[in-house]
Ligand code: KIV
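Next comes just one chain, in structure tokens: the form predicted alone.
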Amino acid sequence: MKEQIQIFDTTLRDGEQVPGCKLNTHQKLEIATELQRLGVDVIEAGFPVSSPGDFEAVNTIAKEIRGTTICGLTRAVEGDIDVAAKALKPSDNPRIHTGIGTSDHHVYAKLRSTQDEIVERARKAVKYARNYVAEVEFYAEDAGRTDNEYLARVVEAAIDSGATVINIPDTTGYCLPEQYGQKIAYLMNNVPNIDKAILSTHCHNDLGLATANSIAGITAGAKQIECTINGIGERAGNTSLEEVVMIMHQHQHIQFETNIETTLLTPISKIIELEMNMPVQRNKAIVGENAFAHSSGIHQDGVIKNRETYEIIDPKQVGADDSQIILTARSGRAALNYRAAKMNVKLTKEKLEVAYQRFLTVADRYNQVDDNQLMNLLNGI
């Protein structure tokens, strides 16, 4: 039996922290509605104390979205927690996400504190939040660079104080997959009360390893992945929701599943791209414009004969159009014949050869040959 992995979407919180991605309340509610349709388990709707607008957005989503956990972020500060609890009050499944930095960089340089004081602040914040809600998630900021023994001590204290989910963020995207997986495994094996909470991954992409680290985390025992649509987020971004979901979908042997309706991945990607003014790079995995496009003659010939020769995902699985055969100077006769047939033009072997020679002349002058150019070169053959 497959293990269920919870998908915690932070597009509306961590994703919105990207410069130029500010959303209004109406936009946030629309996106939250789409995230619920997609099947995410938790929507982190914002950081309520950060601004009146963020409070309003979290409060509106908490009122309107039923059946999905709605989460609000706080620091380990009572005032933050009070405001988050007020914003989340209308929700039928509220969660307060509170925490504090635990690495030496945070404890000593940022917070000007001590390790013992951080443990106590963590305890107090979790206990205080539990006065408001049954679900409290604790984050150990910069856990990726935190000593494992000390991290285990903080985690144990947070769970003992009532935390139901423990977030292990690789805040700076520092860890290698092996290191991050070992960190999760260490906590699973060295925190005495770990059975009373679930571990969550929250990985950043500074070294391009957010997706790999998240998968390493769940294979080591984490049961929740924190991620964003299109991988948007601070600096180089967060773990990409569509990537981790499709990895679990394709690699059946790792025995994980989610509640995500994969056919909605491409549509919601386009919504986020438009609403947050964040263009998706063409070669982005799963949802990029080139994800199912082929221009090399060898690849095109293979895909035309059998899609699985060069595609491990059926485009329809993720709500994309069919595989695209793009005509370029690298395309061969098979691709030309395929595209001609799509335009209801049947070519004999002899006519195909004439068309192909004409095609090469045109293709050398343009990045790609479109339908109009193709029809023009086919005329009279």
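For every residue, the number given is its place in the sequence shown, counted from 1. None of these values were measured; they are calculated from a predicted model.
The protein also exists as the form predicted together with the ligand; that form is not presented, and the subsequent description refers to it.
Student: Counting non-hydrogen atoms within 4.5 angstroms of the ligand in the model of the complex, say which of N230, T102, T211, T171 makes the cut.
Tutor: Here the answer is residue option T171.
Student: Among the candidate residues T239, N167, T146, Q300, which is the single one with a non-hydrogen atom no more than 4.5 Å from the ligand in the model of the complex?
Tutor: The option sitting close enough to the partner is N167.
Student: Taking 4.5 angstroms as the heavy atom distance cut-off, pick the stretch from 241-249, 200-208, 278-286, 301-309 that is near the ligand in the model of the complex.
Tutor: It is the stretch 200-208.
Student: Is it the case that A122, even though its partner is missing from this view, gets within 4.5 Å of the ligand in the model of the complex, heavy atoms only?
Tutor: No, no contact at 4.5 Å.
Student: So in the model of the complex, is the ligand close enough to Y180 to count as touching (4.5 Å, heavy atoms)?
Tutor: No, Y180 stays farther than 4.5 Å from the ligand in the model of the complex.
Student: Check whether C175 has any heavy atom within 4.5 Å of a heavy atom of the ligand in the model of the complex, and answer yes or no.
Tutor: Answer no; every heavy atom of C175 is more than 4.5 Å from the ligand in the model of the complex.
Student: Decide whether A84 counts as a contact residue for the ligand in the model of the complex under a heavy atom distance cut-off of 4.5 Å.
Tutor: Outside the cut-off, so no.
Student: Just give me the residues of 96-110, first to last, that have a heavy atom within 4.5 Å of the ligand in the model of the complex.
Tutor: The one in contact is H97.
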